[in-house]
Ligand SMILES: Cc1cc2nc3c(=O)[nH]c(=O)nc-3n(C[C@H](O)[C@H](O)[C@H](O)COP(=O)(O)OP(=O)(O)OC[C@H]3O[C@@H](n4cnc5c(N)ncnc54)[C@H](O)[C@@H]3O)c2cc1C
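Just one chain follows, in the form predicted alone, and it is written as structure tokens.
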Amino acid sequence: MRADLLIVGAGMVGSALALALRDSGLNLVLVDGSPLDLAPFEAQAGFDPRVSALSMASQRLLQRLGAWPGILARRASPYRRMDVWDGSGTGHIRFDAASVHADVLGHIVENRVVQDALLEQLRDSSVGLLANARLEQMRRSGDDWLLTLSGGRSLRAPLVVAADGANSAVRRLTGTPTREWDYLHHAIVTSVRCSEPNQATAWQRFTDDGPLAFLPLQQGDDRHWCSIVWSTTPVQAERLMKLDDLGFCRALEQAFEGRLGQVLHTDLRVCVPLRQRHAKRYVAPGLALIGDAAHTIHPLAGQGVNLGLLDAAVLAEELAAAQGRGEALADLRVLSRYERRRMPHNLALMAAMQGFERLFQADPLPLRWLRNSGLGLVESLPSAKALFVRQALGLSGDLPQLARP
């Protein structure tokens, strides 16, 4: 089977790219190792532990791809404020959507909800979907890539896009080099119910062991739920994972300073080692990497999926422009335009997250003073706070057409 473009990985980012190119006239095939089943959504079902903090730019993109109504029909939790403080000092800063005349800062949405809404749109499109098709081999064959899937099926195309996540098989099979390092932290992820409502606020406390985030979730009219991401040392993470539910709730409540009252209930906990990874190149002849296949960052600001969706939108934009000029889409000069637009932005955010993580892990007194003074200074400058908010919303920078206001 031959296609004009093969996208490996039908997660949120790969699906978004396929939808962005569905009217291009290209023969597109989306390949994934999972069943790609679309199960009915149960409004009272428990929360998926994996959530994303979708920015306004991501919301606009998903609206234009037709997926946003499907997300809202399932479950999305808007947040209007962010409250960030240093648990070891006096630094405190609050952000509010109203400061830039916006209704919300973003939405906390379960990954499965985004995925199902995208899959609904894909099933109504001309994009070819290959489910239960795990990539096993990949090599050059003339001007094409030849892919061998589980079961022995073969596919070929002049252009392959890797959207198959942090442990990308495409990246491994093509020998794409990366820079990576271990944060020496693990993240405990789950959903909890508190005695006080979440106030449509994303809360983040920097502890001595790592950042703790409470992200607002909504189940019907019940706003007492939060998704938590607790970044801590491996030793502390192991201890917390061994606690029974009541013991974990009490430890979490103490670490969060009881900002939302008692932690009454916790869902199943998942513990994930944190590792940062960045491909040295996003492109090669006939090959492009997007999303977590190209870069993974600390979950400190919940920006991972937003970066990936912007990757997909920019790549789609550059491919459509090249197609309009009659250029070969697999040409390295075409693909490099995508890399030039996205790599600086991604690297800048990764560096900022790394700087934040190191600053708030620092013990020396001068650095403690610096971070507390810095938070206090930004809190006192409305214009500086508004700049942070605009960045979080996706209202600035080199935005692709799909994500622009």
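Don't overthink the numbering: it's just position in the shown sequence, from 1. Everything numeric in this text was worked out from a predicted model, so none of it was measured.
Below, we refer to the form predicted in complex with this ligand, which is not included among the displayed structures.
Interface residue remark: residue 17 is not counted as part of the site for this ligand in the model of the complex, having no heavy atom within 4.5 Å.
This ligand is not shown here, and in the model of the complex it never comes within 4.5 Å of any heavy atom of residue 128.
Contact check for residue 198: no non-hydrogen atom falls within 4.5 Å of this ligand in the model of the complex. In the model of the complex, this ligand sits within 4.5 Å of a heavy atom belonging to residue 134. Of the residues 100, 169, 279, 251, just one reaches this ligand in the model of the complex with a heavy atom at 4.5 Å or closer; this is 169. Interface residue among 28, 65, 51, 56 relative to this ligand in the model of the complex, by the heavy atom within 4.5 Å criterion: 51. Remark: of stretches 261 to 269, 318 to 326, 186 to 194, 218 to 226, the one touching this ligand in the model of the complex is 186 to 194 (heavy atom within 4.5 Å).
If you take 28 to 44 and check each residue for a heavy atom within 4.5 Å of this ligand in the model of the complex, you get 31, 32, 33, 34, in sequence order.
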